[in-house]
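Single chain ahead, written as structure tokens, the form predicted alone.
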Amino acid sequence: MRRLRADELPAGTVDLAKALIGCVLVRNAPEGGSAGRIVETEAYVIGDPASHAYRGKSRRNASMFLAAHRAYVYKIYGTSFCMNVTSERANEGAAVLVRALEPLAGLDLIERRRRTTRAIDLCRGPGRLCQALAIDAALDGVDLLRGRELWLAAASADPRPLGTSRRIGITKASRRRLRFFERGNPFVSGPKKMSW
């Protein structure tokens, strides 16, 4: 897989959220490599009341204020991690949540981490994909274009048509159409009616 270059990715949170569809997220862990094709994202733009950055920089969200293409990893509900790609200039506070992957490599390892062989349940949803690729707080702030442990690779195939909808699981600014996904891909999370 070929590592992505910064000049191949657009500036701006919404454009990046769209451009990441089809790109590959690669994880090199001590126990082996794994990877998945990004099929669903959500944009959390500057000034967004649903964003962790809305109230300013804190110890928890500091990585969200890094320059573009860094990992912002945080824990939700005290149990699951979520991974974002920072998307603006340093200190601006915006990111793209990676919501779902189509597994591509390291399937045995992914299945072992997820404790299931049911393909549809391996990386569908932000918590599941982090568990599947062993993404945790140790990877918060990693440079996704230059890092060794977690990085972004160029698209492995042309994506299907892009769909858009409101974001999932939020209450503030919930009607904004800032969720992007590959239409008809079975690995997209959320209700089926929101995958077309």
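Note that residue numbering begins at 1 and tracks the sequence as displayed. Fair warning: this is a prediction, and the values are worked out from it, not measured in the lab.
One more form of this protein should be noted, the form predicted together with the DNA, which is absent from this view; the next part is about it.
Using a 4.5 Å cutoff between non-hydrogen atoms, Ala50 counts as a contact of the DNA in the predicted bound form. Shown alone here, Val142 lies farther than 4.5 Å from the DNA in the predicted bound form, counting heavy atoms only. With a 4.5 Å cutoff on heavy atoms, Arg148 does not count as touching the DNA in the predicted bound form; it lies far away. Under a 4.5 angstroms non-hydrogen atom cutoff, the DNA in the predicted bound form lacks Ala119 among its neighbouring residues. By the 4.5 Å heavy atom rule, the three marked residues Ser58, Ile76 and Arg114 all count as contacting the DNA in the predicted bound form. Interface residues of 106-130, taken as those with a heavy atom within 4.5 Å of the DNA in the predicted bound form (partner not displayed): Arg114, Arg124, Gly125, Pro126, Gly127, Arg128, in sequence order.
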